[in-house]
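The chain below stands alone and is given as structure tokens, in the form predicted on its own.
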Amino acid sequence: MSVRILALVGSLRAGSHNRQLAEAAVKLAPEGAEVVLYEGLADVPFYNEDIDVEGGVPDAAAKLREAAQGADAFLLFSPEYNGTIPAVLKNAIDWLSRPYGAGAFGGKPVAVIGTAFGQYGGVWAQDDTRKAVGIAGGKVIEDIKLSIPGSVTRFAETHPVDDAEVAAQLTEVVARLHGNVGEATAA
């Protein structure tokens, strides 16, 4: 059985180091796992219950929900913006938390990782992301963590997939998330 892991990146910048980390996860996925990098978070409007009505859900939000419903697990990449989660990632979590009680996260395994310029690699944002996605219904795998500090210098001339230490850590993250899907299915 192939496991589909949906990757959501909290940075919209084309050259984002978190996006590069997600691209590396796609390449390093173990056999039996497919990491799919979701494109289109920039197009999803801010969550608003007035537009989240049957027949009226904006196309971009409906596409996000459809992709999430088809996922077996989630891998969220969060940089740190002003000490917390980026708005684009929080917005995606908000859309995927609805409809209440039947959101797309629905007890599926979720891991939150990322990189940031600061010396702690964005841990505050990643902790806030874990909290939000857990409340939204995801089964956050608390012991899967990867916070890479100094992204601007570390990845200035090296893509994360070409950084042996990062590639090994990322491979382990994806393999462990993949394993948690199997545990959730067996339970």
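Bear in mind that the values here come from a model prediction, so they are computed numbers and not experimental data. When you see a residue number, it is the position in the sequence shown, counting from 1.
What comes next is about the form predicted in complex with a small molecule, which does not appear here.
Colleague: Is there a heavy atom of Arg13 no more than 4.5 Å from a heavy atom of the small molecule in the predicted bound form?
Modeller: Result yes; Arg13 sits at the interface with the small molecule in the predicted bound form.
Colleague: Contact between Gly137 and the small molecule in the predicted bound form at 4.5 Å, heavy atoms?
Modeller: Output for Gly137 is no: heavy atoms all beyond 4.5 Å of the small molecule.
Colleague: Tell me, yes or no, whether Ala62 is in contact with the small molecule in the predicted bound form, where a contact means a heavy atom of each within 4.5 Å.
Modeller: Ala62: no, not in contact with the small molecule in the predicted bound form.
Colleague: So in the predicted bound form, does Gly106 come within 4.5 Å of the small molecule, heavy atom to heavy atom?
Modeller: No, no contact at 4.5 Å.
Colleague: Do heavy atoms from each of Ser2, Ala33 and Phe74 fall within 4.5 Å of the small molecule in the predicted bound form?
Modeller: No residue of the spot touches the small molecule in the predicted bound form.
Colleague: Heavy atoms within 4.5 Å of the small molecule in the predicted bound form: which of the stretches 114 to 122, 156 to 164, 41 to 49, 66 to 74 has them?
Modeller: Going by heavy atoms within 4.5 Å, the stretch is 114 to 122.
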